[in-house]
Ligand SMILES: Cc1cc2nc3c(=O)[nH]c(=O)nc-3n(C[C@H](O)[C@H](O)[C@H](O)COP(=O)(O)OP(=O)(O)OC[C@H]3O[C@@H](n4cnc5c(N)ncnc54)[C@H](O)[C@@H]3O)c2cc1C
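Let's start with one chain on its own, the form predicted on its own, as structure tokens.
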């Protein structure tokens, strides 16, 4: 099945979501090519195993409609049957344009897909990750939005063998007057091997310094539940869960998190889960590998003292 992967370049590198989808395509031995979207000079995003065209746009213009037009032409000229994209802001916008162009419905929140006898079945997560269902797609062009961390990322050797295509603005392009880039330091949620997340059990925002100290000692990324993000304790980009980010670290430490279904869907596939909560009936203990029943404000300082 001829396939096209819509990827992204972040910080001059292929995004982790793009690499995950490429890894899955290679696993299934798909006949695929890659286009990546970005607006900066970059290198080493190509590979000898597949072709990659870098769609470079003007950073002062929001012109995803132009990108979508180019992708539409590419799909038609190459008889593409399957389009895969990470479920990011850019990916969702581009797939929406393409769904209108080709009069087909995209399938979102895909956690896996299967191909048998040239028939494609998408697997979706529902009910906050508690259930899944399968969808057989019969349309000529199949559009899938992949949930982050659904596939294991394998080793991919990258080089500078890629083509760059400048994306021109059109009548639908929107001027960008200001860009705010959130300052980031330390390990990032999407890629860190250890993630420490805080919940309402931390009681006050000032107590997050305990989590920060522990994270510094373990070289871990910091996350949080929707409740403390909504309270303004940390930015939205740190939220883990159904309406936040999906993480899959080697170790996930939940501090004062009850473990509602909406949070679990964003971290339940972590390899090893450690939960600290004073409520022994908290749902988080049902999926944890190690549970500590105790007050996080007492347990975390003890951990910091002994590390």
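What you see is a predicted model, and the numbers here were worked out from it, not measured in a lab. Positions refer to the first chain, counted from 1.
Although it is not shown, the form predicted together with this ligand is what the next lines describe.
- Note on the partner interface in the model of the complex: the residue among 27, 41, 250, 279 having a heavy atom within 4.5 angstroms of this ligand is 279.
- Think of it this way: in the model of the complex, this ligand has a heavy atom of just one of 72, 193, 226, 165 within 4.5 Å, and the residue is 226.
- Proximity of residue 244 to this ligand in the model of the complex falls within the 4.5 Å heavy atom cutoff.
- In the model of the complex, at least one heavy atom of residue 262 sits within 4.5 Å of this ligand.
- The shortest heavy atom separation between residue 296 and this ligand in the model of the complex is within 4.5 Å.
- Proximity of residue 203 to this ligand in the model of the complex: non-hydrogen atoms within 4.5 Å are present.
- Residues placing heavy atoms within 4.5 Å of this ligand in the model of the complex fall in a single listed stretch, namely 218-226, out of 218-226, 97-105, 136-144, 72-80.
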